[in-house]
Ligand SMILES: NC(=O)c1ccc[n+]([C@@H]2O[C@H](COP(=O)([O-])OP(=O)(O)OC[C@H]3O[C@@H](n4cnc5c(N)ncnc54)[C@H](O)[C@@H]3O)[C@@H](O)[C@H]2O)c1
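Here you get one chain, nothing else, as structure tokens; it is the form predicted on its own.
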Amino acid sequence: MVTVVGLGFVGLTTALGFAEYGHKVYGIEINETRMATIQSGKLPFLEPGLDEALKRHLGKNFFPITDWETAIAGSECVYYCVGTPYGENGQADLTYLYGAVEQTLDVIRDKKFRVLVTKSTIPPSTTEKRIIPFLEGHGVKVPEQLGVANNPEFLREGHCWEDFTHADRIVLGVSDERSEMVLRALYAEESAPIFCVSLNTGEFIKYLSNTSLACLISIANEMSLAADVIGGIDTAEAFRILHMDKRWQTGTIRSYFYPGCGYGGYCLPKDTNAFYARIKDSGFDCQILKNTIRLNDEMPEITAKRIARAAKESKGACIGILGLSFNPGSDDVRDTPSAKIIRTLNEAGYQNIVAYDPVAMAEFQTHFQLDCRCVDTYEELLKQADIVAITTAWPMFADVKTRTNSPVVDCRYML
């Protein structure tokens, strides 16, 4: 049995979705007009598919009620789907969430273990640093008495029911096994992959999703403004042709949307800089493009500092660099991040550096004169290195942690 607090787009979809699984679900909504509409069997907003789900489950598996005590008493999970608006300084306002949690605590009359689950969007570390201390401040022992978790939603308005019933992934931010078991049982009928991650990771994934979409919209808008100042460009046609790139069609474009050491090679560094210069000459300063270039220029130093920290700032440590080409599957070393990282380490006083790449070592040695010696094999590098850093995501490096006891810095996030 589940209680869902807040019956807006997310809450009502969640409540009816759990009812569709066969669970008994109580729904609580403080807006009297909205609650009366739902109790009458009608939707308070337009959302295709949800109207039929409400007709199917109202009074059978779904019970919208105002009695908090009855709802909470019978529930193993309490889901919070209340508003978390942002204030003047941009920070999330948790007033409604705290209020809902407080009302929950006020009506608990037994020692039954329950999981309090935040489905509202909350910034990373909110559960860990704000909600758990809030509960403990009310005398609750977490997770002995109550479990806490987050379960971010990925619902599009106009497609909420479709997105819930045909989810592409379920994310559960949990910190104890008991809560995880309860939530896995809740989703036992779900065929989508379920990922149980840390509390912070669960919250971060939702923001990663939304900020990524926001950035895509903004860079598209910025490029349209650049086209306007240059002139003579059919912007709509240009974007339609861009979308014909097979990387968009097949989904392989996602390989570009992944953290690493920065972009390299011949085209991206050259073209982003040239285009930014051209737009600026036309009187428009593209902020997203400018900061894209700035961050990429900073990534070698940022990455070198990560490697130095792993070496405990010991200048005599032997640092092993795995990968010299800018991309796996190529021997192209033009503007490769690996060279910039090695140069940055050299400048910081690290001279004992060994490197290995399955195909690019000859090219690298031809183009760069650095304090770095190349070794003939992957095995030889692992024997010599006190610290190993992956700087090119060659698949053969995926087993590195099973082959060395030295610290591994995964600069390409491939492990």
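None of these values were measured; they are calculated from a predicted model. The first residue of the sequence shown is number 1, and the count goes up from there.
Unshown form predicted together with this ligand; subsequent notes refer to it.
Residue-level contacts in the model of the complex: of 66, 366, 40, 31, one residue has a heavy atom within 4.5 Å of this ligand, and it is 31. Put simply, of 305, 334, 343, 290 only one has a heavy atom within 4.5 Å of this ligand in the model of the complex, and it is 334.
Note on the interface: of 307 to 315, 231 to 239, 188 to 196, 116 to 124, the segment with non-hydrogen atoms within 4.5 angstroms of this ligand in the model of the complex is 116 to 124. Remark: none of the three candidate residues (212, 257 and 411) comes within 4.5 Å of this ligand in the model of the complex, counting heavy atoms only. Contact annotation: residue 267 falls within 4.5 Å of this ligand in the model of the complex, judged by heavy atom distances. Within this chain, residue 327 is remote from the site of this ligand in the model of the complex, having no heavy atom within 4.5 Å. With a 4.5 Å cutoff on heavy atoms, residue 2 does not count as touching this ligand in the model of the complex; it lies far away. Contact between residue 144 and this ligand in the model of the complex is not found at the 4.5 Å heavy atom cutoff. Along 145 to 165, these residues reach a heavy atom to within 4.5 Å of this ligand in the model of the complex: 153, 155, 157. Three angstroms is the minimum change: in the model of the complex, the CA atoms of residue 216 and residue 269 sit closer than in this structure, by 3 Å or more. By 3 Å or more, the C-alpha separation between residue 122 and residue 256 shrinks in the model of the complex relative to the form shown here.
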